[in-house]
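There is one chain below, alone, in structure tokens, taken in the form predicted alone.
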Amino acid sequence: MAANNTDRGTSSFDFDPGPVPAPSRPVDRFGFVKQDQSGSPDELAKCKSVAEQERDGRRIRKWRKMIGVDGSDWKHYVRRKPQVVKRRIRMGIPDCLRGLVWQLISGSRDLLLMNPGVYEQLVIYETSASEMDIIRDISRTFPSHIFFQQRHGLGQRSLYNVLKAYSVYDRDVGYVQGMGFVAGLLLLYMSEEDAFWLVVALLKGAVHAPMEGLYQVGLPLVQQYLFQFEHLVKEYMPQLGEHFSEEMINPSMYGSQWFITVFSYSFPFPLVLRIWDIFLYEGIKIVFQVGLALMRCCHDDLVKLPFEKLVPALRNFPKDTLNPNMLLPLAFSFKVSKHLDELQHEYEKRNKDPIHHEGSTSKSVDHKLLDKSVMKTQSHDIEKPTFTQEKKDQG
């Protein structure tokens, strides 16, 4: 996989990066510095049989036929065979087509085409009150990936431009540190402008419900999601839910980053990509499903642990539980859409009731992932993009 980026070279973060240093250590097929070379998936990938390589080739050809030239056949295919599309996405999008498919399923490609010149205006002609905060945080985003390792290099400048542009575009959200992992992941598969419009599509709700509440003051959507997840654990795994209550464990101690970064902060990259394939097509419910699957995999161990061991265990799951081919089928077994709707209504009702609101999960949100929960931008008169797609309910 190679990052496909346009070096605009016109922002205030325009420094001479110098020559690109050669990686001092081997990198995996995604561009991350290898931590352990023995028995890694990349080593195993080199040993693919001829039959497996032919199967991969057939799979890519099926996807190309489904997409058409530059996505020209995509919408027609989705209307004709939605279940085929869903099944193939759940099995994983071919890496060579991932960037284009992500733009198609998120609605960001349409936003880009309907708003020519907007990104360039945001990057070149506008300033943001968050610029220094963004520069400070750039090196913390995927620091082990070669695309972002060079100080003031192409990767860091591209990430700066996307985050700065969004902080100007959306004054209510501005910039929050966790946004860097979302934008950084997208930049590994598409250009700056494409990544920006995909961030817009997610936060403003081009297809699924808007997600800007993940980053607004008070993290309101994070609070709602944690409330829903806590109740889902109690419903699907009552023994574990009771144990968490006894040990005074709540989801904000381990799960905030799951939602803020859609698992991209600290989980294995092959799993992250598979989750993002599904997340962009089916919505936020996959984050709940994966969270429940992780709990189910470790259930028997977690119910035995005291508080001081529970939190580290919930932040560092065993490697053998993080295999996407094993974890995702288990995640799909949790049918959560109806439950999420019911819990959302309950959460909203509680927030309207001041008695319930005082005791809600929202007071215990874990802010450790973020240095500052919200940093607002200056006021700018930027034309908002045009939305013509019909939104779908999440879940």
Partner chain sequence: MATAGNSNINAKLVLLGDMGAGKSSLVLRFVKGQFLEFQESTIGAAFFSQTLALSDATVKLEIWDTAGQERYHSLAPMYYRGASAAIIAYDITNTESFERAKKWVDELQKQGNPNMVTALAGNKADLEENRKVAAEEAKAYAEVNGLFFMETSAKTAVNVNDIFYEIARRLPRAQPAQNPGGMILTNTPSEIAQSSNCCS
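Everything numeric here is computed off the predicted structure, so don't read it as measured data. Residue numbers count along the first chain shown, from 1.
The same protein also has a form predicted together with its partner chain, omitted here; what follows describes it.
For the chain shown alone, residue 80 is not a contact residue for its partner chain in the predicted complex, no non-hydrogen atom being within 4.5 angstroms. Among heavy atoms of residue 325, none comes within 4.5 Å of its partner chain in the predicted complex.
When its partner chain is considered in the predicted complex, residue 100 lies well away from it, no heavy atom lying within 4.5 Å. Using a 4.5 angstroms threshold between heavy atoms, residue 140 counts as touching its partner chain in the predicted complex.
Contact annotation for the candidate site: 173, 250 and 309 all lie close to its partner chain in the predicted complex (heavy atom within 4.5 Å).
Heavy atoms within 4.5 Å of its partner chain in the predicted complex map, among the stretches 103 to 111, 211 to 219, 68 to 76, 232 to 240, onto 211 to 219 alone. The single contact residue among 115, 121, 257, 191, judged by any heavy atom lying within 4.5 Å of its partner chain in the predicted complex, is 257.
With the partner removed from view, the residue among 167, 158, 289, 223 that has a non-hydrogen atom within 4.5 Å of its partner chain in the predicted complex turns out to be 223. For the partner-free chain shown, 175, 176, 177, 178, 181 of 174 to 198 come within 4.5 angstroms of its partner chain in the predicted complex, judged by any non-hydrogen atom.
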